[in-house]
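Take a look at this single chain in structure tokens; it is the form predicted on its own.
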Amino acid sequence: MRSKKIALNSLFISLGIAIYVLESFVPFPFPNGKWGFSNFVVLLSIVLFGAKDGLIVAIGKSFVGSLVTGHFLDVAFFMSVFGSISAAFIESAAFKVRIFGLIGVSILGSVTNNVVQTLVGSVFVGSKALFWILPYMIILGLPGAFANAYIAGKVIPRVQKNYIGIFISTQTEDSKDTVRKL
């Protein structure tokens, strides 16, 4: 069982890294923005397997993705890691309380990611001036949050239907209820 879990987390981390690297080559139309599509994999992992696995995927994709893109241990790395981890925590908590659907969970994760990234960036820069662009960053993150929720909403039922033999012992009860709400 444990090896199956490690294999699934590795698969999701690899998918997150691939999306992370690919989106680094696609220019974002506005300055200080990012697509954030790799966060879809974290959302997917949280819904299918739970908070712990979502956190593992968030950390793994941020660390290895930063290594591959050449940002390891620079300011962007720390902003990405802390933003991803905090977003995974908030998404897990929001998913657990069952108040929000996938779109609400994804938006909360996006907003949290932007707030924490701004906080980490302001610590490195030594100025609170970065918080002036926080509303702008939150608005830029909303399309990605909607897209991540939409994609997750389309993928989750198919994964559950077609790969239930793989996921049957690792799937959470919460994920079944969330998919029904979609």
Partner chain sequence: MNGQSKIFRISDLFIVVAIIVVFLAFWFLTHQSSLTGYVEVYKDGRLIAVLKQDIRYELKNDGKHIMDIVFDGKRVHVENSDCPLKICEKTGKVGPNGVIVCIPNKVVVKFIGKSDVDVMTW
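This one's a predicted model, so the numbers in the text were calculated from it and none came from an experiment. Positions refer to the first chain, counted from 1.
A second form of this protein, the form predicted in complex with its partner chain, is not displayed here; the remarks below concern that form.
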- request: Kindly indicate whether 70, 90 and 93 are, all three, within 4.5 angstroms of its partner chain in the model of the complex, using heavy atoms.
  value: no
Exercise: residue 77 in contact with its partner chain in the model of the complex, heavy atom 4.5 Å: no
- request: May I ask you to check whether residue 82 falls inside a 4.5 Å heavy atom distance of its partner chain in the model of the complex?
  value: no
message: If we define contact as a non-hydrogen atom of the residue within 4.5 angstroms of the partner, is residue 59 a contact of its partner chain in the model of the complex?
response: no
message: I'd like to know if residue 154 sits close to its partner chain in the model of the complex, meaning any non-hydrogen atom pair within 4.5 angstroms.
response: yes
query: What residues in 96-131 sit within 4.5 Å of its partner chain in the model of the complex, counting heavy atoms only?
result: 98, 99, 100, 101, 102, 103, 104, 107, 108, 111, 124, 125, 126, 127, 129, 130
